[in-house]
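Below are two forms of the same protein chain, given as structure tokens: structure 1, then structure 2.
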Structure 1
């Protein structure tokens, strides 16, 4: 049962976020019936599941909400701000209820009561929280009972108890849909000594008058479809429970031995109404999954742990395959080479497929951002319009997980410090409503995410001044525009007090940068005073694989990420040693270079020619001198562990086909490091 409860919680969490998402969208598009349907459906599944797994409080509470939204669905109520506010609050409360189940903390209890009362008020009922079931939705003054009466035949398989299903719970749930008469048939129960207690011998006929549609009834049985015969038929378009002669006959049948069947009941009703045109002949469709579930059939839910495990295995496979290929080549066995080639092909496909599975669209984060924008702009009395583009851009799920918090922080900053109040904005000649644009797109081997606001922007001069005050730079330092904005990520900058007065930014930006660094992400900021700020986050597509260039330096092999590589040149050894200014002309362009043997304190190469790999670094190119380039290589990135955490120049290691380890360079960090060493060296010379 534990396992089922877990499953329910997982599903309920999904339902809740789906609900939240629909509500937020409704805010912009209050007329959309599709969205109302979505809200309603999510609530409905929540309620059903809740009561089934013993989340009574959650189920009852959702029941009231559902009633409220049913009124909207039926057009008795209009979607408005107040209603959305209260529902969103209710959604938050549902999250708590899901956590606390039925043992509520005193705080939650109070919220629970308050919210229930508020929801009831919307329903036009001043009833207290404990009104319970049987709430009739008559707020619109529409006094007519628009319930329909259904006939339900429920005959569970004998072994239905085996997987823990209790048919009585299902009947209970039916009962909660409306007015209900449940007739059990016991005649199949054998004499005592023949009876097996683990078997179910009883079956039922149910007459249900409800406002729900047929799908709602099918929903009740959704988990037992396979293990029971279920027939649902519309018996009447009216509520037959209002018909006293029907009730009388029903009572008679209830004391009867054998089931009457749908035909029997229909005859009963026909005789009752004496109407010839039983126009609404019930459709004889066999019971089927409800519409709301159909959309999910094409995808399945997998634990993220399993995906992680699969990714690890695939990585191992890629490594092993490299070994096989190498061995086949060495043995010069053409048959083995053929097999190795095939394995390589398959491995590549499998790898692409596996990585594809682990990718998640950026969209999954959006609800949280929308909610943040909505709540924070509300509490700061600012008007903010949040739009998102490229939300189907996909990223490794581990990256997405670690990305949400930094992005939340960035957006919070946008609203808090970027966007001005409506008054300030109209004074500056801007529309009152501020705009935050979230944009995700692919760029080479990485994904860029841009958050742009059209707020007051940041004045680079002010950053500069503050940085000088904080002793981060000397007053004479000449910095590029980018370098100045980079200062906002400096830990010394962001801990400064009252930073909001200066730039409006910088609070915690160093944390953002550090968190993004953990997933090999980079962040840049650019701003135009008065017109707005753009923050760009660059992320690797996946954490675990790098397309790289395998190079040899002395006895070790290194991988340079292909995304950074621009071009490879052969050079004479004499050109790249004992250079005073470390500049070389490549393609007619003066290019700074670093001799990696020299930088790594390794003995000089004895070869006559070496190779220079030109990599992109910021806006320029930098050459890295290596012994020779071996070729392209797919590196499965492995962490080097805690012991080498301080080692920034190397982003990880990878295992080569021959079982040895190659190091994967982080060219940006490496060049950064080398240049700062050089500055040190130069300053010593001075």
Structure 2
């Protein structure tokens, strides 16, 4: 049962996220019936699942919300700000109820009562309005029974119990929708010695008279659509339970052993029509979307831990395949080399497929950002419009998990310090409503995420003065624009004039940079005073395996990520040793370079020729001099451990086919580091 409860929590979390997303979109499009349906369906799923898995508080609370939004769906209430506010508060409360189940803390209990009262208040006002209309209707002599009668065929798969689903609970929920006659068919049940108690052998025909629409009936089966044959047809536009002839024939059918089918019930009602002109028989065509279940399963839900386990196995396979290839090469066995080559191809395909499975679109993070913008801008009396582009861009799920908090902090800073108040914006000739744009896109083998606001921007001169005051730089220091903005990532650094509850204490951007560094990400700031600020986060597609170039430097091997490599050149040793300005002409272009033996304080090479690996760095190319290039290599990244946590030039280590270790270079940080060692080299790499 615990496994099924975990599955419910997982699905409920998705439903709550979907609910929150729909509510935020409704704020900009309050007339959208599709969004109202999304809200209602999410609530209905939460209510049904909560009841089934013992989350009574959550189920009851969602029931009230569902009633409220049913009134909106039926046109009795309109979507307005107050209603969205209370529903979004309810969404936050649902998240807590999902964690605490029915054992609520005192604070949660208080919140639960207060929110329930507020939701009931909305419903009470509506009920009052309905009561007034009811008096009017009564005077017109209308009986008020506008129920319709539906035929429902419910045939669960034999293994439906495997997921913890009890079909009787679904039938009970159907019964709650109106007047109901449920007819079970038991003729499939085998003799006792052949019967398996874990299988479901029963199916049902249900006649339901209800004022709910057909969607409400389908919602009952929302969790079992792939595990059962479900047919829903409108049988009559009237309540057939008011017809004594129909009830008599229905009881006769209930005592039978075989199902009658929709056609049979339709004939039954047609017969009644011939006798009673007052009976209105429904169109016998199946309603749109109510056909039998589709047999094709387009997607399945997989536990996150299973994906992590699969990625670990693929990583180990890549390492083992490298050993096999090396051994085949050493033995000079052509047949073994052929096998090793095939294993390498299959491993690469498997690796790529595994990567695809582990990639998640960035849009999964957006709801939290939209909610933050809505709530924080409201509390600061600012008007902010949040838009997102490139939301289908995908990243490793482990990166997504660690990226959300840094981005929340960046957006929080945009709202608090970037976007001006409506009055300030009007004085500056800007629209009262500020804009925050979230943009994600691929750039080579990396993903870039930009957060741009059109607020007041950051004055680089102000940063510089602040840095001098704090003795971070000398007054005479010559810094590039990028280096000045990088000062904002120094611990405790802030240019905010006022400290608020939200930010301004200088705590945050250094943490943002550190957290992004843990996932091999980089962050840059660019800003224009009066125009706005753009913060760019650069991320690797995945954390576990990189395609690299294996190189030799003295006795050690290193891996340079292929995504950074532009071209390889063979050069004479004399051209790259004891060079005055570390510039060399490659393909007719003056290119700065670093001799890695010199930078690593290793003895000078005795080789007559060496190789330069030209890598991309910002807008230019920089050469890295190595002894020789061995070839391409798939590097399975391993952590360097706590001892090497502070170093930045190496992003990890990988085990080679012969069991030795190669270090994986972070070329950008390596070039930055080498440049900072010698001030006269700064001008070379800018």
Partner chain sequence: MNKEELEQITSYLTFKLGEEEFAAHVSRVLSIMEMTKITQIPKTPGYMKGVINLRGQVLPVIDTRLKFGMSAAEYTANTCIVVMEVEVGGENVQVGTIVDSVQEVLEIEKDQIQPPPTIGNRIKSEFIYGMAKIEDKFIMILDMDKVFSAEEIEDVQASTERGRQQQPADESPQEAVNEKHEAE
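For clarity, every value in this text was computed on a predicted model and none was experimentally measured. Numbering follows the first chain given and starts at 1. Throughout, rigid core stands for the largest set of C-alpha atoms superposing within 1.5 Å between the two forms.
Structure 1 is taken from the form predicted together with the partner chain, while structure 2 is not.
Superposition of the core reveals a Cα shift of less than 2 Å for residue 26 between structure 1 and structure 2. Core-aligned CA deviation for residue 370 between structure 1 and structure 2: less than 2 Å.
Superposition of the core reveals a Cα shift of 2 Å or more for residue 218 between structure 1 and structure 2. For residue 659, the displacement of the CA atom between structure 1 and structure 2, after superposition on the rigid core, amounts to 2.7 Å. Core superposition places the Cα of residue 151 6.7 Å apart between structure 1 and structure 2.
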